[in-house]
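Take a look at this single chain, the form predicted on its own, given in structure tokens.
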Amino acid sequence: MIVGFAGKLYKNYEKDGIELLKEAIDEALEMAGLNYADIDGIMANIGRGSFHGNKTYLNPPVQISEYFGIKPKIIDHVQYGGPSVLSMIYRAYKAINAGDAETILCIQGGKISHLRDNHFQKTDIIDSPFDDYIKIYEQMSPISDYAMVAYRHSKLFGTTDEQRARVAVMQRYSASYNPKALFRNPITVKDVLQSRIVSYPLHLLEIVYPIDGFHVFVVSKRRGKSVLRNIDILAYGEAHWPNPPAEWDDIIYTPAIESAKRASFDLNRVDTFQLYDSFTITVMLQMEDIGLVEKGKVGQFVESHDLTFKGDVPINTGGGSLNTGQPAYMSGGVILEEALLQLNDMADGHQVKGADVVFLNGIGWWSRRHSVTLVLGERK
């Protein structure tokens, strides 16, 4: 039912964000063999300051519809941060199966290079109603938050900097075969550890680079000229922990524990995993929380397994957003596009042989308070 998709990624996109979005929609519709008149649903999650100049759309699905002359039957603004687009796919499938719409665009991304390059302070965004009581020190959110998690994981389980670095090295190896990756030169564990500390203990090469970019996915009951496989949702789960991590029992756990449990899918049936990778520790936390490895043992796991697209446990087979860049501070579109490339034998140069089932997990918002688990494959 996903009949077209596109990801348009740029380090710096010269024109307005809305023109960047049009590039992505045009390419996705071209793959689907559909046109703007076929669209009757819009779901979107758009980064801040993404459109005309540094302006932000108040209600992106409405204003996108207005700009492109679309009169949708349904609209939805899904705001879980990075994993939002995984939820959009689930909602779009449900809406189409219910007869509420026939063709829905699921959109995530934005143009944010002007914010990145000007060190823009997000002072008008409130992360929690209790921000004034929790955030009493200067911080590099979310980098410092994840740095504390990495530090605590190390203290509790002995997870080393070298083990985290291996995640970056193996993802870079896969990226070296991905034509869309921004960073493709091979790196070593030593390179990662010698890159500067951004927030202790996280090094520069363990952190995503924010870029301009949009991902668009066309979910439709019409196949048009699409030659994509008839991919279905084999399992789905989401979980939300509204309180900030400072109020959790322990910061080394994420809502992925609950979203994966709700999806309840046999991991032995999975051919490749696409896990949200804003930081190296993000990937490792999810590997534990989805049940791929026991909590506390992910360090030893990454030492004894090959996570590249050629490996025994292929994870983030295109290099992930650590190497493609993170569009508008959200990586959900990156892992979803890679999943569809793998499922359709379109992962040029980095294809996993016989990829029939892909397990995706995204965690997001400033402090990883949301998790979405999505398993895609053909229902046989």
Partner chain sequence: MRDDEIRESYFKYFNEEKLPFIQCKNCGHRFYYPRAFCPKCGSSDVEVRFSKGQGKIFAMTKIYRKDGSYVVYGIVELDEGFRMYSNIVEGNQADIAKRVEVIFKEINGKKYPLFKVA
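Residue numbers count along the first chain shown, from 1. These numbers were taken from a predicted model, which means no experiment stands behind them.
Form predicted together with its partner chain: not shown, discussed below.
By the 4.5 Å heavy atom rule, the three marked residues Tyr36, His77 and Tyr90 all fail to count as contacting its partner chain in the model of the complex.
With the partner left out here, its partner chain still marks one of 176-184, 265-273, 149-157, 297-305 in the model of the complex; by a 4.5 Å heavy atom cut-off that stretch is 149-157. Taking a 4.5 Å heavy atom cutoff to its partner chain in the model of the complex, the contact residue among Ile257, Ile233, Val198, Val293 is Val198. Looking at Leu228, you'd find every heavy atom of it more than 4.5 angstroms from its partner chain in the model of the complex. In the model of the complex, its partner chain sits beyond 4.5 Å of every heavy atom of Val189. Interface membership of Ala98, defined by any non-hydrogen atom within 4.5 Å of its partner chain in the model of the complex, is ruled out. Among heavy atoms of Asp145, some come within 4.5 Å of its partner chain in the model of the complex.
Annotation for 126-150: interface residues with its partner chain in the model of the complex are Pro129, Phe130, Asp132, Tyr133, Ile134, Ile136, Tyr137, Glu138, Gln139, Met140, Ser144, Asp145, Ala147, Met148 [heavy atom within 4.5 Å].
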